[in-house]
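Before any questions on how it binds or moves, here is one chain, the form predicted alone, in structure tokens.
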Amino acid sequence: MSPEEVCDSVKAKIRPSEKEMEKLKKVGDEISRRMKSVLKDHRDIEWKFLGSYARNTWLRGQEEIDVFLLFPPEMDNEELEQAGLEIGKRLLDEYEISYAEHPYVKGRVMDVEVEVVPCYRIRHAGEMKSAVDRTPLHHEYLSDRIRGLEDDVRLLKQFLRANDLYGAEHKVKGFSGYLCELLILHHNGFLPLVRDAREWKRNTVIYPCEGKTEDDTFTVVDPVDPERNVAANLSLDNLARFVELCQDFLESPSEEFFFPRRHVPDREELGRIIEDRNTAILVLEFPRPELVDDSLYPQLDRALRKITMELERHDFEVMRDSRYSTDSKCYLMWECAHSQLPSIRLHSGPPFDLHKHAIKFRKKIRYGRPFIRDGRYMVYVKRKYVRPEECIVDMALNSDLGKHVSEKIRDEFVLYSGADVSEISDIRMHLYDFLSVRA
């Protein structure tokens, strides 16, 4: 199949069905009806449908509606938050409170997920009080321009979702929905974008309008806020993966790029893979703190980074590391080149003819007696850790790895190593990807 034929076939599968469209229209009509009643005592508050529902760029099966409450800019922030929560609670059939820059309400109306988000009504980005205030400006910019390209937006979203690249949140560090729509708009379609993206570099700049750019950073300038890079949360590695996917798709077009068939290994297969590698594979498991992902993942990244640096400092040679979470557990994982090191290591001292430093070096008490090699003093010293497990446990118990993460680890943790890692059913698929095994 050609790229065009693949895209046409995929579009038919990801475009919402007529039944779904009718269902969301009914929910939208019901929200509008309820809003008239709820806002009769709040004449100064406007509201709008925004996001993929409002622009008809949502994927089949991804039914959700974003409702934004636009408050007058002179309103006090505390009053905005309180009124926003009150309106959201009255609007939804069931709800829970979530937190971003402002607390907001999310829940369901007629069994469809709905978010009710408060923001300030602004005319341009210079009047912003919080990042969410930009969202109505984004919709205003895109709503007419994106018409006729809705299915191309869907193609890009499905392409990214299938390859774990969709979402700008800290957990993913990928492409936001807004970034997807800007890229499709700028390139006038999915395939033109894919063809162009094959040549992207880390310092590529895409200008929907003139604006400020950062050196050596992939940049997509926000047309409603030229000082902002819409791709700021996109990691360099995920940018590289997207470029690779575009190259591979055009070379061998297939629906598998949109609907991948993933091999799920069983415990025995994963155990054999781990044993054959002859490396040290370690997983630290602990209870998940009661945090939303955007608060949790920065702490997981910090913990991972600190332990990895310590493993490197003690010569275990970390080949790869990763983090993962479920609803109840968190996991930090490493693959090290060495499962055990000698109990001693060679430490280099000063040259013999830097006499003052050389004398001081020789007088220090050490495990071994200094000797000279190539005119420089050397000495054997005892290692602090012989096995990577010792290093990880010490860090877990005695280092600041992030307030909530450290608290949970010190309360309870399990460190798995070697083939025992394959026993953790929650991460078997993630670990298979982590080990980069060709299926």
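Note that residue numbering follows the sequence shown and begins at 1. Note that the structure is a prediction, hence the values are computed from the model and not measured.
Beyond what is shown, the protein has a form predicted in complex with another copy of the chain; the following relates to that form.
A.B. asks: So in the predicted bound form, is another copy of the chain close enough to Glu244 to count as touching (4.5 Å, heavy atoms)?
C.D. replies: Output for Glu244 is yes: heavy atoms within 4.5 Å of another copy of the chain.
A.B. asks: Spell out, yes or no, whether the shortest heavy atom distance between Arg43 and another copy of the chain in the predicted bound form is within 4.5 Å.
C.D. replies: Arg43 lies outside the contact set for another copy of the chain.
A.B. asks: Although another copy of the chain is absent from this view, report whether Phe68 comes within 4.5 Å of it in the predicted bound form, heavy atoms only.
C.D. replies: No, no contact at 4.5 Å.
A.B. asks: Please tell me whether any heavy atom belonging to Thr279 falls inside 4.5 Å of a heavy atom of another copy of the chain, as the geometry stands in the predicted bound form.
C.D. replies: The answer is yes: Thr279 has a heavy atom within 4.5 Å of another copy of the chain.
A.B. asks: Can you pick the stretch from 197-205, 226-234, 95-103, 73-81 whose heavy atoms fall within 4.5 Å of another copy of the chain in the predicted bound form?
C.D. replies: Result of the contact check: 197-205.
A.B. asks: Of these, Ile307, Leu191, Leu239, Leu183, which has a heavy atom no more than 4.5 Å from another copy of the chain in the predicted bound form?
C.D. replies: Only one option qualifies, and that one is Leu239.
A.B. asks: Have a look at Leu291, Leu341, Ala162, Leu85 for me and say which one sits with a heavy atom within 4.5 Å of another copy of the chain in the predicted bound form.
C.D. replies: None of the others qualify; the residue that does is Leu341.
A.B. asks: What residues of 101-127, in sequence order, lie within 4.5 Å of another copy of the chain in the predicted bound form by heavy atom?
C.D. replies: Nothing in the stretch sits within 4.5 Å of the partner.
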